[in-house]
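Here you get one chain, nothing else, as structure tokens; it is the form predicted alone.
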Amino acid sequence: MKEAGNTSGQTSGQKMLLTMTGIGVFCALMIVLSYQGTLPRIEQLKAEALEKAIFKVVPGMESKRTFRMESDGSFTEVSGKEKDARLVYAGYDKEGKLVGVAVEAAGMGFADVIKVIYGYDPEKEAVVGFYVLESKETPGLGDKIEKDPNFLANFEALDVSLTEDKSKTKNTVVAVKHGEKKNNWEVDGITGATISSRAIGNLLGTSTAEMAPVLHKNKAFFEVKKGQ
């Protein structure tokens, strides 16, 4: 009788394990199906948000062309649908004059990776616009990098001027404590959101140090009208 009881208990345990496994597999399948079903919509919304952001960060921009950055630092015009490609977006005014280039950048913030897009004016050698694409920074503090008017004012004319030979930036963009900004290449931080502010300074410093010389070098290429 004792052995029969053990067998019964084992059978019951096996059934419970199979049931739990089945539920787990079903839930995993539903998650995958839900993700696959909503992915096209998510991608569409991201593309629409990016399109709006591109026009926000380049003042005076009326139309754009998309370029892929090659490994040798040159650029090729593309449709803009390429995945895993380094893309920049050249902006033009009503007359077709180049007014700036929109560039995406990313860096680690307080909570997670922050993704932004900024506008670069090769004529002024300055960042002229900024927009946060993705952020999970602390609501009420870190998320001020998205909406604080004083912080956003940093990026209306952030100095990323180049050396005389145009090979590198004269100064690296860096964030400083609120109220301590003394130079045009410094980002005046947000009180209570020091880490998030510093993250923006760091990612812009890294991105502009790499991209500003390359974009400036290819300024004439971006200026050539399509079809010429």
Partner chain sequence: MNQESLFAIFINASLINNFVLAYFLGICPFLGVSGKMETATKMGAAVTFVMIISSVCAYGLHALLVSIDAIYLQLISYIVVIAATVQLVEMFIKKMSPALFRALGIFLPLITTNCAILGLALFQTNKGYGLAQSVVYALGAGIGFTLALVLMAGLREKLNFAETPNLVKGTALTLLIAGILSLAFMGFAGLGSN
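Residue numbers count along the first chain shown, from 1. Predicted, not measured: the structure shown is a model, and the values here were computed from it.
As for the form predicted in complex with its partner chain, it is not shown, yet the points below apply to it.
Within 4.5 Å of its partner chain in the predicted bound form, a heavy atom is found for every one of Ile31, Met108 and Ile195.
A heavy atom within 4.5 Å of its partner chain in the predicted bound form is found for one listed residue only; from Glu156, Asp148, Asp112, Asp93, this is Asp112.
Residues placing heavy atoms within 4.5 Å of its partner chain in the predicted bound form fall in a single listed stretch, namely 195-203, out of 181-189, 53-61, 158-166, 195-203. Proximity of Cys27 to its partner chain in the predicted bound form falls within the 4.5 Å heavy atom cutoff. Its partner chain in the predicted bound form comes within 4.5 Å of no heavy atom belonging to Lys97. Put simply, Lys124 is far from its partner chain in the predicted bound form: not one heavy atom of it is within 4.5 Å.
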